[in-house]
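Just the one chain here, the form predicted alone, laid out as structure tokens.
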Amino acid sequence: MSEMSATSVDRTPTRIALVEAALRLFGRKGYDAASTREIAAEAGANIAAIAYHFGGKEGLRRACVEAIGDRLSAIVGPPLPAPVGRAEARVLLERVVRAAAMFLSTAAPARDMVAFLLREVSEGGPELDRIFATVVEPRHRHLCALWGAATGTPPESEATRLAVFAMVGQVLYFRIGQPVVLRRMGWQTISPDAAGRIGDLLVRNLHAALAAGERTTP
């Protein structure tokens, strides 16, 4: 079975294949340009399966957002049940950075997920509100809570929210800019070993940013 999950409700192979195909085609062509017939063919499924599993094309689009949310939850982790100490928060942030670097650099589904999100965000489509509310905001708040615990700063301050966006942006670059990275590094692909070295670098950057946050906060 593929690395990409569908939703927690229905994980049948056909549904998963349709979500994966939709992520690819919506990301590459856009929602309007990708037809349900193309998506079904890409998934090796009957076109009627889209209506059966999702109620139609718009439902399939929502399922793509849910699938991305599921994947990010696995990387970021669940909301904190209770406050954590500074040392534990730093360890959790390091784990998130390493896991995200490995997934975004090496996992095939990452390309389609990021392409889908970038297109939806840049086009400001009807799913943008859903993406923000269900994918971006809760995980960003979670990371801000960890950042605040790790630095002793307010988790919802402007400085903390910007710092978390900067941390996420560094990791994302190795997916978005991967063709450029590969050329400059002389690599054919980013191997798990190389992704591990990228993770090491990003963790060092994380430590520096956390230290700077402690020094500059009144």
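Residue numbers here begin at 1 and follow the sequence given. Please read these numbers as outputs of a predicted model, since none were measured by experiment. Definition used throughout: the rigid core is the maximal C-alpha set that superposes within 1.5 Å between two forms.
From this point on, the text means the form predicted together with another copy of the chain, which you will not see here.
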Self-check item: another copy of the chain in the model of the complex: contacted by all of 47, 62 and 99, heavy atom 4.5 Å
Solution: no
Quiz item: So which stretch, 100 to 108, 83 to 91, 69 to 77, 131 to 139, is the one near another copy of the chain in the model of the complex (non-hydrogen atoms, 4.5 Å)?
Solution: 131 to 139
Exercise. Spell out, yes or no, whether the shortest heavy atom distance between residue 149 and another copy of the chain in the model of the complex is within 4.5 Å.
Key: no
Exercise. Considering only heavy atoms, tell me if residue 95 and another copy of the chain come within 4.5 Å of each other in the model of the complex.
Key: no
Self-check item: residue 51 within 4.5 Å of another copy of the chain in the model of the complex, heavy atoms
Solution: no
Exercise. State yes or no: in the model of the complex, is some non-hydrogen atom of residue 17 no more than 4.5 angstroms from a non-hydrogen atom of another copy of the chain?
Key: no
Self-check item: Residues within 4.5 Å of another copy of the chain in the model of the complex, restricted to 164 to 186 and counted by heavy atom
Solution: 165, 166, 168, 169, 170, 172, 173, 174, 176, 177, 179, 180, 181, 183, 184, 185
Quiz prompt | Residue shift check between this form and the one not shown, rigid core fit, residue 34 Cα at least 2 Å | solution = yes
Quiz item: Has the Cα of residue 175 moved 2 Å or more between this form and the one not shown, judged after a core fit?
Solution: no
Self-check item: Yes/no, residue 57 Cα shift of 2 Å or more between this form and the one not shown with rigid core fixed
Solution: yes
